[in-house]
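In the block that follows, a single chain appears as structure tokens, in the form predicted on its own.
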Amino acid sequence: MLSEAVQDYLKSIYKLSHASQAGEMVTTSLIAERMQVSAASATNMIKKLAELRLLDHTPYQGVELTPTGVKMALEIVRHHRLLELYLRQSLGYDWDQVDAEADRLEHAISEDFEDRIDRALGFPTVGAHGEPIPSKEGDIAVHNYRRLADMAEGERCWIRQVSDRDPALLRYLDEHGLILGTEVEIRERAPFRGPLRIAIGVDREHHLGLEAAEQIYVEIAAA
């Protein structure tokens, strides 16, 4: 059995590795920032994970999970995303609340409880924020979504995934109807990293800052 701290690090390193550029390793400073600990604390845990053969560490470059580390991280991610969806769909939690609640529960549930949640939800493959839910066998879908911030004027798209890092952002998006499955059209891009003027659905417009648009992932709508 892995400690809760080890599980939290594995999950965070996995998520950081998928947020980084292709081929880019996850640095100690990034891990420390994500875990909200000192660089020394992060370094000590990295050494422990390397001794457990859950990651490979290249000094002054970063870390990379081993196949075993990835497998264990995906199991934790599966627990987390199933719990988030269960809290959202079955218990009525808002999508800005489910991440913190799932963090508290993910270490405690048994495999049987996980299976029961999975079955009760109809064996979902997409989580509360649009992220893929790993299968019990450790497989996970890869979606080539684009950031809303990178869309060109006149392009239409569907919101498929949003970052779960900032509850305030999730509340803001919810207030303006920018939820999963919403159709958006880029009406205008202001220069110098100014806001986007977007059409939401068929009857609303909104000016959305790039900081928020960079946390929204979309699928281009068919012409």
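Numbers for residues come from their place in the sequence shown, where the first is 1. Predicted, not measured: the structure shown is a model, and the values here were computed from it.
Although it is not shown, the form predicted together with the DNA is what the next lines describe.
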Legend entry - Candidate spot S29, S41 and N44, all three touching the DNA in the predicted complex (heavy atom, 4.5 Å): yes
Inset, instruction - Would you kindly say which of G154, P67, G181, P59 lies with a heavy atom within 4.5 Å of the DNA in the predicted complex? - result: P59
Legend entry - the DNA contact at K48 in the predicted complex, heavy atom, 4.5 Å: yes
Inset, instruction - Although the DNA is absent from this view, report whether A190 comes within 4.5 Å of it in the predicted complex, heavy atoms only. - result: no
Inset, instruction - Report yes if any heavy atom of I220 sits within 4.5 Å of a heavy atom of the DNA in the predicted complex; otherwise report no. - result: no
Legend entry - Contact segment among 173-181, 59-67, 156-164, 192-200, judged by heavy atoms lying within 4.5 Å of the DNA in the predicted complex: 59-67
Inset, instruction - Between 119-158 and the DNA in the predicted complex, list the residues on our side with a heavy atom within 4.5 Å. - result: none
